[in-house]
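Listed next as C-alpha cells is one chain, alone, in the form predicted alone.
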Amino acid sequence: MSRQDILNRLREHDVSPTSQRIEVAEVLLSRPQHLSADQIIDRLNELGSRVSKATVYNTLKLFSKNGLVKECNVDPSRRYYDSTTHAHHHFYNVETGELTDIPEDRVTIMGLPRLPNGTERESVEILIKIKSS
C-alpha cells in the first residue's frame, strides 16, 4: 500500500494523518494481518521509528474506534488488531499466539438464539482456540 493510499484510508475514516499515525498505519495496513500492539512497536523499532508505546496504544484505540482496524480480543490479556475489518472468523493458537482468518465459506451457523427485545444483530464472529494435539 502506497503512502498516498495510507493517507486516503486515514482521511476516509476521519483520522488526522499525523506522522506517528502514518507510521503505525504503514506497519498495520500494509497487508491483511493480525498484530498485537507489542508486535507493532517491535516492527516500528526495527524500522528506526521513535513512536512511543503510549502513542501506539492511543493510535490503535483511535483506529479501532473509527473502523480503520478491527480489535480482536482473544483472551483477557491478549488483543490483536486486524487490518481486515469486515465480520469474519478466526483460529487462535493458544500455544503460539497466532491469530489466522478462517475462510468465510468454511463456516455455517445454524440456530442462532432469539435476540433480546430492543436489540438487533450487529455481527456473528467465531473464535476457535486451537493447540497442538
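Counting begins at 1, following the sequence as shown. Only a predicted model underlies this, so the values are computations on that prediction, with no experimental measurement involved.
The same protein also exists as the form predicted in complex with the DNA; that form is not shown, yet it is the one meant from here on.
Participant: When you measure heavy atoms, are S16, D38 and Y57 every one within 4.5 angstroms of the DNA in the model of the complex?
Facilitator: Yes, the whole candidate spot contacts the DNA.
Participant: Is there a non-hydrogen atom of V27 within 4.5 angstroms of a non-hydrogen atom of the DNA in the model of the complex?
Facilitator: V27: no contact with the DNA in the model of the complex.
Participant: Given that the DNA is not shown alongside this chain, does S52 nevertheless sit within 4.5 Å of it in the model of the complex, heavy atom to heavy atom?
Facilitator: Result yes; S52 sits at the interface with the DNA in the model of the complex.
Participant: Looking at the partner-bound form in the model of the complex, is T108 within 4.5 Å of the DNA by any heavy atom?
Facilitator: Residue-level check for T108: no, no contact with the DNA.
Participant: Using a 4.5 Å heavy atom cut-off, state whether K65 contacts the DNA in the model of the complex.
Facilitator: So K65 does not count as contacting the DNA.
Participant: What are the residues of 72 to 86, in order along the chain, with a heavy atom within 4.5 Å of the DNA in the model of the complex?
Facilitator: Sequence-ordered list: S77, R78, R79.
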